[in-house]
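A single chain comes next, written as structure tokens; it is the form predicted on its own.
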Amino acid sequence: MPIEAHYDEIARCNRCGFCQTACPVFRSTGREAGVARGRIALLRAIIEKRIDWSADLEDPLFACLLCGACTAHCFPALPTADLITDARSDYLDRVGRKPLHRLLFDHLLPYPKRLRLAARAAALGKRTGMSNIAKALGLLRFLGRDFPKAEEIVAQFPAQAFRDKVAPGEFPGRGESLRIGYFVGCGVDIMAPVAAEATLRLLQTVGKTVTVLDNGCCGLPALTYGDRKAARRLAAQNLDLLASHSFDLVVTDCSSCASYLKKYPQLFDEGDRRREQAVAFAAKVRDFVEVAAKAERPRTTSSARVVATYHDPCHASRGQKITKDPRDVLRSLPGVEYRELPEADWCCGGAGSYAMGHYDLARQILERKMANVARTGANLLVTSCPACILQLSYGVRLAKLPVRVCHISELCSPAEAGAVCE
């Protein structure tokens, strides 16, 4: 919907300022433009034509993390993240798209093999030092204003992606009846293959069959950038893929993917044949932690002292209201002491590719998160989002904390739990 259609909703902002207490951007900068109240005022000014659409709007519109913390503290419960997303869509229509984003959303993300090939090229650049040369020559700025600095967030790429090792297809399980489809997120596939393997093993203990899907990107990156057309195309592609399968559950171990897949019906209008298909699909989607909470716990023989804490991905805690399940899992694991993380549901600053355009701000937000991690005394930092894993791992390196970062699936898999705890 164009932002003008939200005028009545935007006018409900009473400018109370409660959003200031929860906004990681505002708490880092202290600038009114960085909090929901300020962003809502900007949207109202645009609608009332007191401000014209121009490239000057790019930073205030795209500097929002879309974490949703403001809505949780808003008495009228204004969905600021959704409003900003619609405004971004209008911005792209009126100011223009960048060639990089057309490359990503039209030619890379819909095709997992191409995406893995691009990741291998990036890995080669890191191993050979070519990326440092390109950075020095200023050749990487087209990937994002702050990409030359953000490039250091990834220490190294795994030797192989998950789907380079595990081909899409059906695998037998030990469960009684459930037919499970495993939706493999791009981030888990490329950057956290160990977590993906652990997920598959856990799902095999639950399902009679587990099918590793040959899905493309869920579409969330395109949507958050404001490219609704690309997001809809990616969703349609995945729905077409799933039309030939009959699953009881579709499980993904990326909380961002899970949150977005559950919202697929919102992408299609009433009367669109895909909407009914999307409704049926969304009803079957489960975040991995929802399944893990009901699965049998692994037994470990590790003698290491493990103190674990948990970071809530925004798309889990606010996007899906999932907070109890991961904590129940961690508290029930033998040999693991669980300690609650202060501000566990505060965004870590990862937010997908946020650092590529706002590195300094993302790092400020991350530093606050790391200070809280240090207070717990934990040696294991657990989460359920690959973007968070990358950002938190970077934070641990920067702060020189004796902490290992892992996906919760790695603690739930019998084959991996002992290794993670060592």
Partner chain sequence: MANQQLLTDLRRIVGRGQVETGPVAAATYSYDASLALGEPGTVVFPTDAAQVAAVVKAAAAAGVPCTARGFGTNLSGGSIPARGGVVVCLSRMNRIVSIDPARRCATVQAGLTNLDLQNALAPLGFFYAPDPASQKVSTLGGNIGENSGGPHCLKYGVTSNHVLGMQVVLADGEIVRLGEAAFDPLGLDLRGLFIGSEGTFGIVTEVTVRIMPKSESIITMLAVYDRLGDAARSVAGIIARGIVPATLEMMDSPVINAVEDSIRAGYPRDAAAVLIIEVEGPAAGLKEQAAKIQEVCLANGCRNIREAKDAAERDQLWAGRRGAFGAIARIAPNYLVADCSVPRTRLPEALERVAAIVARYEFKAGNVLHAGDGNLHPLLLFDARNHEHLERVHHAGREIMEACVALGGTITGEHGVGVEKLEAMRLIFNDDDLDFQRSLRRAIDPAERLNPGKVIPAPTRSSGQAGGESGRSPMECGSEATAFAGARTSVPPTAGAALPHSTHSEEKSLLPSDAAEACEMVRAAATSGTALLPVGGGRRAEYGNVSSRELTPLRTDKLTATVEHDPPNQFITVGAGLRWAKLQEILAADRQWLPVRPPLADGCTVGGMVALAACGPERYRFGAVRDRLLGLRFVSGAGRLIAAGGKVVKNVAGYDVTRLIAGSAGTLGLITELTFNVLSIPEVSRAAVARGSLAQVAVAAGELLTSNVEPAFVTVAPDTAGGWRLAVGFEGFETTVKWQIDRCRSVQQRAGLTVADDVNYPVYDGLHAGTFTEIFARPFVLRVDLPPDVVTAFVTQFERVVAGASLLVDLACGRVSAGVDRLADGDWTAVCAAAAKAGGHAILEKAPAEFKQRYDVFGPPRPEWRLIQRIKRETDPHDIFCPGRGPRTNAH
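Only a predicted model underlies this, so the values are computations on that prediction, with no experimental measurement involved. Residue numbers count along the first chain shown, from 1.
Note that the form predicted in complex with its partner chain isn't included here; everything after this is about it.
- Of the candidate stretches 62-70, 385-393, 43-51, 370-378, only 43-51 has residues whose heavy atoms lie within 4.5 Å of its partner chain in the predicted complex.
- Each of Tyr7, Thr21 and Pro76 places at least one heavy atom within 4.5 Å of its partner chain in the predicted complex.
- For Arg27, a non-hydrogen atom is located within 4.5 Å of its partner chain in the predicted complex, even though that partner is not displayed.
- Heavy atoms of Ala11 reach within 4.5 Å of its partner chain in the predicted complex, making it an interface residue.
- Within this chain, Asp360 is remote from the site of its partner chain in the predicted complex, having no heavy atom within 4.5 Å.
- Though the partner is left out of this view, Gly17 does reach within 4.5 Å of its partner chain in the predicted complex, counting heavy atoms only.
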